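Next comes just one chain, in structure tokens: the form predicted alone.
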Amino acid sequence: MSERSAVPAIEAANLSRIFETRRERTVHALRNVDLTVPRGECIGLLGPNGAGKSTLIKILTTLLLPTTGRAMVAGFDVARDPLSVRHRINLVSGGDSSGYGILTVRETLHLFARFYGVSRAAAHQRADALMEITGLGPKADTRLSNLSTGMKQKVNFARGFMSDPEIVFLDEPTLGLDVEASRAIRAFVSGWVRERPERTVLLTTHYMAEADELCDRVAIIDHGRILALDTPRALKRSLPDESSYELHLGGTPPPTEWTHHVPGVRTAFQHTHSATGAVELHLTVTDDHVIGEVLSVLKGMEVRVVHLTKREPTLESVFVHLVGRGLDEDDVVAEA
């Protein structure tokens, strides 16, 4: 093992970040976070909005200073030696502007490569390879201002790898991409990490299946604290002996407060599916017989159950168990 490979990609010790708002309110975005990521790992960071994911990434990528604690990336202190960190990392954020609208896709990728001192020949080779992987080839000479949102996100992704970084921070990298494009990007990331042992990825995503497929370990964060950190398999095996169900409801269902009055319901949250418009009710119950009482209560409220599925343990199940709500939910809906 080389000396560089022995140094962890990311080390955070007692890391905290406090914000003071205009209303003189103190917000603890991060609370005493300890995290070590060895070289060669793809680690996932899962948490609801406001959990502290973005704050942690901003600190690790030198965009924000910690209030207390210490963070090391590629062996360099993010506060004391940010330039050494920046030379070795890159960041891909879903929804970010891709660059300068007057430049073409190819020109944009070459420009970002030159920012990192990449030679013209290497930049040309990497740009061609990344455009082929992401499907940007036919748009190589198209100005960014004329690209669709999905194509701009592909440019975001491609430019993040133009510098051949040691560590890549992927913040919702497949946001806005279709299924095929997302699959191609996941395959690229997986192969990119395996190709060289010092390469490392920190991924945030709202797609639990994406984290399950890509990540060697997953950290679940909420209210600025890391609640759990382990392999996806170990996290799923850590769930207590309970059952998880997904119900698709017809019509306009009542608020889920009614689940508080059904003995055996541990957690419950519902949301409207963005693609189908169907109302989905997710339940964890202490025993399978509880679902019969749930159906009886719904029938009494004249709520139609269109579809009922018992779900095997997933990362989403783990998340709901630890956080008390789904990834897109703002508040705890029900908890026994």
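The first residue of the shown sequence is 1; numbering continues from there. It should be emphasised that the depicted structure is a prediction, and the values quoted were computed from it without experimental measurement.
There is another form of this protein, the form predicted in complex with a small molecule, and it is not shown here; the text below is about that form.
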Stretch from 291 to 299, 45 to 53, 31 to 39, 278 to 286 whose residues place a heavy atom within 4.5 Å of the small molecule in the model of the complex: 45 to 53
One residue of R143, H206, K236, H248 in contact with the small molecule, assessed in the model of the complex (non-hydrogen atom, 4.5 angstroms): H206
Distance check, E210 to the small molecule in the model of the complex, heavy atom within 4.5 Å: no
Exercise: N14 in contact with the small molecule in the model of the complex, heavy atom 4.5 Å: no
4.5 angstroms heavy atom contact with the small molecule in the model of the complex for V27: yes
